[in-house]
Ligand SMILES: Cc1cc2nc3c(=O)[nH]c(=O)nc-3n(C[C@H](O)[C@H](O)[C@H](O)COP(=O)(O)OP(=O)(O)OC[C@H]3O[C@@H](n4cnc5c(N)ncnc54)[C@H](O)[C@@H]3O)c2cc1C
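Single chain ahead, written as structure tokens, the form predicted on its own.
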């Protein structure tokens, strides 16, 4: 995807600090925006970088970032946290890494590489032998470690040295060592993990010996003009770990060595992993005091961290000398063009990260390639980058029915390709389920999905009709070339439930043809049964005690439970699974469970709903089969949703009968209710094929 010469990125900016240059040792950075290092799962199973990993980084360079930090890369086989961590120690990685640095440089950006030895932390299950200063497991793990001997210590230093030589040969502008939220070097620096009584433990200076030896080895094995930095954990956020004062002491000691050119701030550990890559429940700016403290102490350039996505906040932090550079990882995953848009006065076009962690962290924690809910191209730039979109040679008239995320995404991409697009939404506002989901506690940012798409389609000239419900004949009267049905889904409650009075049953044709089934639990039609759609729309539930049935495992149940508890209800959540909210990404699940402990929510796993009667619900123990009654005022069942697909089937039949050449498609929940990440990818794929 590289281009012969760097494209111009110019224009006036309201962010003068963000877009001022900065020299770090011998490297001139064109601006202060840094694409932070992270495992992206794009290398192959032998730790070799791939064309996909090159394209992933090139996309962010093209998007305007000043500095990209490629990583983490492993320094030796025993330090690979996944077999898909790039094997920097292996000379075979140099060739593809050179392609990466060339591609990044072709767009005017600089690129460093981050080196790490995984130490006592691993993503593999079961892990290989884990190296550590002292034989003891990471508290979040059941796997103990190998206490390193003198030979191991020497090999660890040699691994950093060999990796630095390879990175220099591959054309990187700098190297960053990780003494951060995972890895061997932080565990040696940590009083909790390092209980040694030899030259590598027992005192602060001894605990810092191995980190400094590795820093020195890297410095000795790369050209003088290359920058050397430290990603540093300033606060472990555990009951047993170190806090800010000790993190600052580590930084001071490293700076005094004279070997370090910059610091990249960080926090958290595997035992507090929700602070490593914090979800939306952790507010923007939460870590500012850590950045400020290091900057106040250090004379070196400091990269700020901590879910910074708002350009105004970033500019303010630089203007107030809280940091010298602004680190962004997930924001530049969600929108690689963020810097370019800001510089060109298009801040209103930035696609904001929603900090859901569903596409990025959830994927790579399972050693899968990185993805993004907001950006279908993330990790798949060679297939879906918006730079690859081409104008349609034969523009067509496209009618989209449904203004949820799927319909909006089809409309956006189709319009970008030059098609004439009209979108019809029966509600008075766009957004569908996303609008409801954003009303759950800690989910306000979820609405950014729709905010971006709605602004995009209006900017692209899509004809948008809200409060407009169309039938099959009305659609055909528009004489379109393509019809895309994106009418979403509804809770799968009986047709006799009051839902049908406000949201008429839209799965009747599918059930008549044996293509779908209805709910089979007795009593779900009763007035005491409420759907999540009703709850989140603001319907007042009777009484105090609510039973919520979680047979989905994601936020529709977990977030609605929190929504009800915040409204003053006592909520009992049951599931037949072993864990409530079992499908949530790890950081979100951990913080959800922390909040549950402080709320009026009772969790009952291994429990199913057998029947509902007025004022009570019959529960069954999923292990023993024992039944019991629970007195409740309301029941909120959360299972699978049924597609609103009647309009699709009516159109399908009419077009089949008439032999019409109109192309008919269905997308998103109208085909099958799923999470927004898969829906947006499907919509993108469909629109690029129109």
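What you are looking at is a predicted structure, and each value in this text was computed from that prediction instead of being measured. Residue numbers count along the first chain shown, from 1.
Beyond what is shown, the protein has a form predicted in complex with the named molecule; the following relates to that form.
Enquirer: So which stretch, 639 to 647, 658 to 666, 44 to 52, 625 to 633, is the one near the named molecule in the predicted complex (non-hydrogen atoms, 4.5 Å)?
Expert: After filtering at 4.5 Å, what remains is 639 to 647.
Enquirer: Just one of 596, 342, 434, 317 has a heavy atom within 4.5 angstroms of the named molecule in the predicted complex, so which one?
Expert: Partner contact (heavy atom, 4.5 Å) among the options: 434.
Enquirer: Which pick from 379, 336, 183, 405 sits with a heavy atom within 4.5 Å of the named molecule in the predicted complex?
Expert: Selected option: 405.
Enquirer: If we define contact as a non-hydrogen atom of the residue within 4.5 angstroms of the partner, is residue 675 a contact of the named molecule in the predicted complex?
Expert: Although the named molecule is absent here, residue 675 would touch it in the predicted complex, with heavy atoms inside 4.5 Å.
Enquirer: Using 4.5 Å between non-hydrogen atoms, is residue 401 touching the named molecule in the predicted complex?
Expert: Answer yes; at least one heavy atom of residue 401 falls within 4.5 Å of the named molecule in the predicted complex.
Enquirer: Indicate whether residue 242 is a 4.5 Å heavy atom neighbour of the named molecule in the predicted complex.
Expert: Although the named molecule is absent here, residue 242 would stay clear of it in the predicted complex, with no heavy atoms inside 4.5 Å.
Enquirer: Heavy atom to heavy atom, is residue 469 within 4.5 Å of the named molecule in the predicted complex?
Expert: Residue-level check for residue 469: yes, a contact with the named molecule.
Enquirer: Given a 4.5 Å distance limit between heavy atoms, list every residue of 488 to 513 close to the named molecule in the predicted complex, or none if there are none.
Expert: 488, 489 sit within 4.5 Å of the partner.
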